[in-house]
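One chain is shown next in structure tokens, namely the form predicted alone.
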């Protein structure tokens, strides 16, 4: 969990906006009912093992998208396999309530796999997509990701997010290391560097660097991993706490928690000038900063009211306002990419941790059901529609801000502290 222990220191309106390709998505966190687009996906043509793998990735990505809902194949009149949709069968798909139907063919030639896919929009009887995606056999998911991004763009007019990644901490035995995957969990692998006890990962805005905390030298120090060279550089190794990093929108500064003056406070580190600026001044523990997209404000957790609560700091004036008053434990706040919402970890009335969402002015707080097993460490998708979080079962899940889904993207347990990147070009 990305925090320092206090003890130690609408929807219909949304989719109408999406359909017409608005430049900025406005999300109403009070909108609770909306209709996802129903998609039918009969079996693809091709080698059974490869077909099963590609179909499964498509199925999972439809769920992760937050936009589509897969219709149970058992209800299909024709379950396939089929590589294209016959014009005479459209009524069969409309009959089961489908908005779109996807057909495809998967072929393997040596180390290369091709995925030919056709999407028919049933309301217009038009072919929405008819494309071939080619990938290496060991990364077939990349072809599916390219297809899903194109499908989302064509269907609802927004940029797909399957070219974004999620970094987290994976515990194996006594080690805690960085673990990265695509946002649906595919291509997952441990990332070496930083020693055997790593915490608090955070993406740079361009998705090319990761800031993190490591006990490499037996102290919680801040480092940056350059993913192009896999070189690790020291950001802050002051005596005491160096933790909870967060990049600003330029990637040239990092907000973090330091205790160089004896008490955990929020600081801004300038990576180019190699200096730091103290932003908070309290007897309490101030930690877990997240910078607003415009760089003018910052949200953080503080115990200055006696219990961990969420506060917003106006950086130019240094004015601080408390925005959470429900519950006795609110922590790990994070700004949405549009800067209008804040997600955080909330200890609810059921005495379990849940992900909660609130507006920047402290209004309209909403507690998400999530897994119901204990959820923490929220992180927004690049467009702010989705939230990845860690569950007490040790896996990473994705939900949407309307609380209509909870999709697990990791297996095996041991995962904490997810951080979602921007779309990687």
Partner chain sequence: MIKLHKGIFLIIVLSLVFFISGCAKKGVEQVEEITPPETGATTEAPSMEIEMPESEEGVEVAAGATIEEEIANFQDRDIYFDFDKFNLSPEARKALAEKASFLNAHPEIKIKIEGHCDERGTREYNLALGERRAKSAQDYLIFLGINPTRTSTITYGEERPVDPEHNEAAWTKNRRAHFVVLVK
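Residue numbers count along the first chain shown, from 1. Computed from a predicted model, the values in this text were never measured in an experiment.
Just so it is clear, the following notes concern the form predicted in complex with the partner chain, a form of the same protein that is not shown.
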Legend entry - Triple contact flag 325, 368 and 404 to the partner chain in the model of the complex, non-hydrogen atom at 4.5 angstroms: no
Legend entry - Interface segment, criterion being heavy atoms within 4.5 Å of the partner chain in the model of the complex, picked from 295 to 303, 138 to 146, 97 to 105, 74 to 82: 295 to 303
Inset, instruction - Could you work out which of 177, 186, 259, 116 is the residue within 4.5 angstroms of the partner chain in the model of the complex, going by heavy atoms? - result: 259
Inset, instruction - Note which of 197, 191, 227, 224 lies within 4.5 Å of the partner chain in the model of the complex, where distance is taken over heavy atoms; exactly one does. - result: 197
Legend entry - the partner chain contact in the model of the complex: residue 155, any heavy atom under 4.5 Å: no
Inset, instruction - Answer for residue 339 alone: is it within 4.5 Å of the partner chain in the model of the complex, judged on heavy atom distances? - result: no
Inset, instruction - Check whether residue 284 has any heavy atom within 4.5 Å of a heavy atom of the partner chain in the model of the complex, and answer yes or no. - result: yes
Inset, instruction - Please run the contact check for residue 416 against the partner chain in the model of the complex: heavy atoms, 4.5 angstroms, yes or no? - result: yes
Legend entry - Members of 318 to 356 lying within 4.5 angstroms of the partner chain, judged by heavy atom, in the model of the complex: 329, 331, 332, 345, 353
